[in-house]
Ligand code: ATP
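Starting off, we have a lone chain in the form predicted alone, written out as structure tokens.
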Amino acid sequence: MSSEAIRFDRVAMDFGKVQALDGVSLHIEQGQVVALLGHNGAGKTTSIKMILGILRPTSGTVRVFGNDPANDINMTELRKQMGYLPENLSFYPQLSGRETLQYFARLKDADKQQQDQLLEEVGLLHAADRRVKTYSKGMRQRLGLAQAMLNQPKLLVLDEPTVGLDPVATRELYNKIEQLKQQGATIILCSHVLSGIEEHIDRALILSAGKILAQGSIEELRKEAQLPMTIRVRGKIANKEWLEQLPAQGVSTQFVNGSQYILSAAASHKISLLHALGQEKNIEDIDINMPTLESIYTYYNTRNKAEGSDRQAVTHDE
């Protein structure tokens, strides 16, 4: 049996003259946590709607666990094992939190015993019998998370899941995501808060104007982008000869604030630099900063804009 959860093959989606997706091919394995990233209008929402079977592509194929999500009769049961948290939540305001969850539970044939457990996990059990119209934005977000997690979903799609959540609730959300992943769930995260999701994902897909700019693990994307890491050294480096030779080896150096060295280099230099620094006797602290998901995202988008400008310039010259 294939371990593939989602596959797009040369998927295009047109809305009149607007092309939301342009020949997108991707795959997501079961049990992975994947970040789907891009600016507004990049194609994220269209991709999600195709995964959920709400939209059918203009051309190309979409498969979810081997099935056509917009057509295959097998998806009827599979959808009961799919959870979705939209960016913009909307509930019946007159229903209580408990009644709202009961409503979604009936749609999914979910075990009734799950409901109070989920309300407790998201911190809403104390307000379960209050009407949703009295809930704060954060409370509505937590109710949305509870409905998405009904039935221990096999596939969970979360669009801006931390909106309105305080730091404690955010940490609990990611703990739950890790728990679901360990149980074999496939999870897609869409978020503009890249620093928050970095440590929780296995892969990232970066979209722009309906095309994939990059996809892979953070390590793979770092290697492809060749962004430098930064080592901050506090204290005194006695081996000045070694320090002076670093620029010739591709390592840039700065001395700032009279007490800090900043070394910038490709990640492949990390072990040798740390080994040399480990020989120093008067170093007080070393801080290593690898390229972040945010810097990787910025790199690919900046490169894409530059390539677009170059193409326009060539066309204009012709």
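Computed from a predicted model, the values in this text were never measured in an experiment. The first residue of the sequence shown is number 1, and the count goes up from there.
Below: the form predicted in complex with the named molecule, not depicted.
Trainee: Using a 4.5 Å heavy atom cut-off, which stretch among 255-263, 287-295, 32-40, 60-68 contacts the named molecule in the model of the complex?
Mentor: One stretch meets the cut-off, namely 32-40.
Trainee: Would residue 171 show up as a contact with the named molecule in the model of the complex if we use heavy atoms at 4.5 Å?
Mentor: No.
Trainee: Give a yes/no on whether residue 200 approaches the named molecule to within 4.5 Å in the model of the complex, heavy atoms considered.
Mentor: Residue 200: no contact with the named molecule in the model of the complex.
Trainee: Given that the named molecule is not shown alongside this chain, does residue 269 nevertheless sit within 4.5 Å of it in the model of the complex, heavy atom to heavy atom?
Mentor: No - in the model of the complex, heavy atoms of residue 269 and the named molecule never come within 4.5 Å of each other.
Trainee: Contact with the named molecule in the model of the complex for residue 20, defined as at least one heavy atom pair within 4.5 Å: yes or no?
Mentor: Yes, residue 20 sits close enough to the named molecule in the model of the complex that at least one of its heavy atoms falls within 4.5 Å.
Trainee: Of these, 176, 232, 130, 192, which has a heavy atom no more than 4.5 Å from the named molecule in the model of the complex?
Mentor: When the named molecule is considered in the model of the complex, the option within 4.5 Å is 192.
Trainee: Could you spot which one of 111, 120, 72, 87 gets a heavy atom to within 4.5 Å of the named molecule in the model of the complex?
Mentor: Checked against the cut-off, the match is 87.
Trainee: Judged by heavy atom distances of 4.5 Å or less, which residues of 42-73 approach the named molecule in the model of the complex?
Mentor: Going through 42-73 in order - heavy atoms within 4.5 Å of the named molecule in the model of the complex - the hits are 42, 43, 44, 45, 46.
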